[in-house]
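Before any questions on binding or motion, here is one chain by itself as structure tokens, the form predicted on its own.
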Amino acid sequence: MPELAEVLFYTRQWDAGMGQRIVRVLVHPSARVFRGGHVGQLAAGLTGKTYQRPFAHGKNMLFAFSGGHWLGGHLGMTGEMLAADPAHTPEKHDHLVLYTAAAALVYRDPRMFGHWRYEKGDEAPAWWRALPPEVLSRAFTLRHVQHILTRRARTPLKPLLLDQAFFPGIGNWMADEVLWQLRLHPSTPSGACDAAALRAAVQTITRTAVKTIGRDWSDPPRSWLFLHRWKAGGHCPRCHAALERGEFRGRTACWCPQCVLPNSALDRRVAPSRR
């Protein structure tokens, strides 16, 4: 599933239509990505409006149009955004296309795990305003992180980092990267983690991901776990030991058994990965 930086990259793919008037809207009414209805309102509401700007918050996206019209989206596992030629002919999995004179703004999703909603109002929708503090925002303070760790002291760090109510935008690879850089096992109890170190790691990794993946889809540093975690047989870029992978609470985890700090794990009994 796209994470914070990937989502930011995709929101920028519609920049080709920024400042342009939407002349036509193509939408598949039966597509599951429009759960909750409003499909007819979406097409009618956005036609004739000007696309103004995108916003990204964690794994969520919001697109502003003139007249107080808003389009909110979530990419799910296979969703992607792209700008095509203004004469673009929709492909099988193009569930939403906004046509402008300069470009066709396309949302494509083969498995339809994404979610889109249309709303109208003078300010951003209530659900958007209710999202938790972003990890790079001023509100993501040391006190805020310490409060999270205290509240969920017995929760293993890996699933806590994946909880979008606390760490919006952090997904599987970013959580593994945070833990690897801190030398912590995925099952480390959250209450045993240093809040300042965790906050610093999350923010540093996020900033770098935004500057690389989020900007032009380029890779983060080779010294990171990122480029070594995907395939079985990979080795730790820090100590060169064989990486271990397993299924932890339903999610794949990757870590270096040599780098983890002694006694950092609550439960090392991680199920073998099915991948």
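Not measured: the values here are computed from a predicted model. All residue numbers refer to positions in the sequence shown, first residue = 1. Here, rigid core means the biggest group of C-alpha atoms that superpose within 1.5 Å across both forms.
Unshown form predicted in complex with the DNA; subsequent notes refer to it.
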{"item": "Sole residue of Arg111, Arg183, His147, His88 within 4.5 Å of the DNA in the predicted complex, by heavy atom", "value": "Arg111"}
{"item": "Among the candidates Phe140, Tyr99, Trp173, Tyr118, the residue which, in the predicted complex, approaches the DNA to within 4.5 Å (heavy atoms)", "value": "Trp173"}
{"item": "Partner-facing stretch of 204 to 212, 64 to 72, 40 to 48, 245 to 253, counted where any non-hydrogen atom is within 4.5 angstroms of the DNA in the predicted complex", "value": "245 to 253"}
{"item": "Exercise: Thr155 in contact with the DNA in the predicted complex, heavy atom 4.5 Å", "value": "yes"}
{"item": "Any non-hydrogen atom of Gly191 within 4.5 angstroms of the DNA in the predicted complex", "value": "no"}
{"item": "Heavy atom of Lys59 within 4.5 Å of the DNA in the predicted complex", "value": "yes"}
{"item": "In the predicted complex, Trp230 touching the DNA (heavy atom, 4.5 Å)", "value": "yes"}
{"item": "Those residues of 91 to 110 which, in the predicted complex, come within 4.5 Å of the DNA by heavy atom", "value": "Lys92, His93, Pro110"}
{"item": "Rigid core fit then Arg207 CA moved by 2 Å or more between the shown form and the other one", "value": "no"}
{"item": "Large Cα move at His28 between the shown form and the other one, threshold 2 Å, rigid core", "value": "yes"}
